[in-house]
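Below, in structure tokens: the form predicted alone, a single chain.
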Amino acid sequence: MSKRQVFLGLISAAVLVASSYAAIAQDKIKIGFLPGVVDPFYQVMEIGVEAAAKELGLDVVIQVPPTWGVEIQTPILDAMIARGDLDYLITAPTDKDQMIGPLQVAVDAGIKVITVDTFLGDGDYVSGPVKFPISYIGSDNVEGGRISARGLAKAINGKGRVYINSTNPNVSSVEGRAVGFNEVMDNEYPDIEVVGLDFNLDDMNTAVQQTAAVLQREADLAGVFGTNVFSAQGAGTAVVNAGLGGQVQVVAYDATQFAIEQLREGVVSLVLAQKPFDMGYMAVQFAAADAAGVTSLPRRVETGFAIINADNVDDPAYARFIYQVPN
């Protein structure tokens, strides 16, 4: 039996136990959900959280920060801790280091933590510096950066100057994406030069302005990598505003409706879809399984990607990963 089969067996067993003990768990646990910010990615994750909670008959308290940042997330977290009735917290830490202390306070108050999308420390909850979370459930973002780099390199025929628009420093997810992207460009594409990296602080308008400035500065820019929802939207908008749609290629991390529209228009050449529904759904299952006494839950679960391009965007097998957010 392969390691992958063993891993999937553990997941299946955990989910089965969680479902079997739902009647017990629902009398014992209440779950908090604290994502990073309001955006389509986390909205789909919230749908996953709610779907699993409904199936298991569990109560979920949801608080969504209006903007990204430790200074925004921490007081919301403190208020959730102060409620005194939460047993588990599913959260996306907005800083891999600065949120360790605030989340340790939650643990000290008796709340067990599961991180989704972003992790604390180096993400190694077995032997790394931070061990208190039950698990990290999310993407392998370094690999996602590698996939994005190869997709952009293919779109620009392996040569030219490219730019990265990202969100915030010291956030595990986007940091990993930039690392993987640069690694591939440095080692596999000697004729491609990465000319810069900007942080838009999760503001699409800032991403538009930053990308527009780079387009003016780099007259021969060949491509842009947008590392999340706001980065990709801002980059794509700036390219269109400059009349360079289809000439300057954009790779978008996160399969929003906007990114898919730009893919159809030829502005975006590749969309990397994460699986936020799975992250939220599985995190609730993990909380219920832990409450039911399961001790073999994996400390890290990588949920994988769907790579969407012009050739497969209408294929239901890929289109189902496009983020569908209710109006």
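Sequential numbering from 1, following the sequence displayed. Small disclaimer: the values here were computed from a predicted structure and weren't measured.
Unshown form predicted in complex with a small molecule; subsequent notes refer to it.
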Can you pick the one in Gln249, Asn228, Thr211, Thr91 that has a heavy atom within 4.5 Å of the small molecule in the predicted bound form? Asn228
Tell me, please, which stretch of 239-247, 143-151, 98-106, 115-123 lies within 4.5 angstroms of the small molecule in the predicted bound form when heavy atoms are compared? 115-123
Any chance Gln274 has a heavy atom within 4.5 Å of the small molecule in the predicted bound form? yes
In the predicted bound form, Phe41 touching the small molecule (heavy atom, 4.5 Å): yes
Are any of the heavy atoms in Asp254 no more than 4.5 Å from a heavy atom of the small molecule in the predicted bound form? yes
Please tell me whether any heavy atom belonging to Trp68 falls inside 4.5 Å of a heavy atom of the small molecule, as the geometry stands in the predicted bound form. yes
